[in-house]
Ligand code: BES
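Single chain ahead, written as C-alpha cells, the form predicted alone.
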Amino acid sequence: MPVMTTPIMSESDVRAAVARALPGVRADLERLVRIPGIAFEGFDHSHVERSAEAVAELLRGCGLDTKIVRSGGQPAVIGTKPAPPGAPTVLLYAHHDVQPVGDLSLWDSDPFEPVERGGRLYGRGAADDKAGILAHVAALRAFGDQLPVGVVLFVEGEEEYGSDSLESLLAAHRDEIASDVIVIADSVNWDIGVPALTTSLRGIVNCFVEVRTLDHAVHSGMFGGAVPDALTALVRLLSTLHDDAGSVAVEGLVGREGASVDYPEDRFRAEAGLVAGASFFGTGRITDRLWTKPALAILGIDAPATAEAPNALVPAAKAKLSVRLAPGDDPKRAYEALRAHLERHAPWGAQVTVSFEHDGAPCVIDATGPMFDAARSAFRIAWDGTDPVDIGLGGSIPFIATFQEMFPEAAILVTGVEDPHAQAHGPNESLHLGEFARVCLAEALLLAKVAEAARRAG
C-alpha cells in the first residue's frame, strides 16, 4: 500500500468545521424525523421509501456515489467515496427506519413533528437512529474535500423490524462495503457528559405462545369452577418463566457474572422510571442483569379487552415473549429451551403452541488495538478530557455478529448517539442536543485519528 500523503486537518480546524456544520445538520435531522418510516407490517411503507430517498439526497450532497438497494425487504442506502492513497476505509452504519409510536396519548407532542424542550429534541427517531445518520453526515461535511479516509455509508431501512434482509444485502454488496474500520452509531453513552464504547451486546429471541383450553367460549357461571379458561391458563404458564426473585427460570439459557462497571441504584431507578415501592428484578449487580444475564419479557397478550369482555370463559389466549440472550448463548438453542419449558409447564392439560418470530445473535467485541485507541482519543477530546467507558448493552444489534463474521479483520466500533434519558422505543423519545454536538465532533475526530493511526502503522 502506498504511503499516505494527504494532509489531515488539525484538531482545531475539525472542531471549527463541525461547529459550522451543526445548524444545517440539525435542520436535516428535523426533516428526517418528520418522515414516519416504520418497516413493521401494517404500516404505510411508502414512508420508508421517502426516508431512503431523503437519506440518499443527504449522502449525494456530501459527494458520495450513492444508490438505494434492497434484497426483498425495505430500502437501504449505500454511499461510497474512495480513500486517498494509502488511507484506510471506514464503514459508517446507521438506520433510517423507526419504531411505531404506540399510544399517542402518552406523547407530549406529535412524534413526527420535532420539538425542542429543555435542550432536547423530541420526536420518534430523533435519537434512534436518525441522529446516527446525521452524525455521519456532520463528519463528512466538516471535512468536505479533505476527507482523510475512504468512507462507505450503509444506512439500513428495517433494523427496528429485525434486519431480515441485511445479511443478503451485505453479501450482495460485500466488495464495495469492505472496510478496515466499521463504526456503528446505534448505541448509547454511559451518561450525559460521559462517552462510551459498547463492547458486548445481548442477543434476542422473540416468539409467540398460544394456550387453548376450549373449542369455543362458554358461560362463565355455568362452566366456571370446573373448566379452566385459556387466559387463566396462560397467566399460570407465564408465571413459570421467572423465579420468586425475578430471575429467568428457563433451564438451558446462558448467564454469567462479570460486568466491568455497576449502575448506582438510585440513578438506575430514576432513569428507568421505576414507580415508588417497586423493587428490582433478578439478582446480582445491575449491570450483570442488564448485560451478561438473560432477560425475559412479556411484550403483549391477545385476549378480550376489558371494556368488551363478556361473562364467558376465554377459549384461547396468546402472548408475545422476548428473551434477551447473554453473550455466549446461541439463539436457536435458546429458542428450543424456551419452547420445551413452555410445553413442559402447560397447566391443566391445556394445549400449548409455540411459534418462532425472529432471533439475533449476541456478540462480544475485543476493543483493543490502534483503531480503538483512536476512538478513545477522539472521544476524550470531544468530551473535554472525560475518558470513555467500556460498556455492555442489554439491547440487541444482531447484525454486529454478521459484520464480525463477514469482515473478521475489521475493527468494529459501536458508538453512542443516545443517552440514558433518550427513551428510545418509548413515548417522548428525545435527543440531548449538547451531547449530539459532541457525538458529531467525536466522529469527525475519529476519522482523522484513524487516518493518523494508519499512517503511523504504514
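Note that residue numbering follows the sequence shown and begins at 1. Computed from a predicted structure; not experimentally measured.
The same protein has a further form, the form predicted together with this ligand, not shown here; the description that follows concerns it.
J.: Tell me, yes or no, whether residue 430 is in contact with this ligand in the predicted bound form, where a contact means a heavy atom of each within 4.5 Å.
T.: No, residue 430 sits far enough from this ligand in the predicted bound form that none of its heavy atoms falls within 4.5 Å.
J.: Taking heavy atoms and a 4.5 Å cut-off, does residue 398 contact this ligand in the predicted bound form?
T.: Yes - in the predicted bound form, heavy atoms of residue 398 and this ligand come within 4.5 Å of each other.
J.: Given that this ligand is not shown alongside this chain, does residue 324 nevertheless sit within 4.5 Å of it in the predicted bound form, heavy atom to heavy atom?
T.: Contact check for residue 324: yes, within 4.5 Å of this ligand in the predicted bound form.
J.: Might residue 358 be said to contact this ligand in the predicted bound form, defining contact as any heavy atom within 4.5 Å?
T.: Residue-level check for residue 358: yes, a contact with this ligand.
J.: Taking 4.5 angstroms as the heavy atom distance cut-off, pick the stretch from 240-248, 102-110, 210-218, 182-190 that is near this ligand in the predicted bound form.
T.: Every other range fails; the passing one is 182-190.
J.: Can you pick the one in 329, 160, 229, 288 that has a heavy atom within 4.5 Å of this ligand in the predicted bound form?
T.: Only one listed residue qualifies here, and that residue is 160.
J.: Of 170, 91, 204, 149, which residue is found within 4.5 angstroms of this ligand in the predicted bound form when only non-hydrogen atoms are counted?
T.: Only one option qualifies, and that one is 204.
J.: Would you give me the residues of 117-132 that have any heavy atom within 4.5 Å of this ligand in the predicted bound form, in order from first to last?
T.: Only a single residue, 128, comes within 4.5 Å of the partner.
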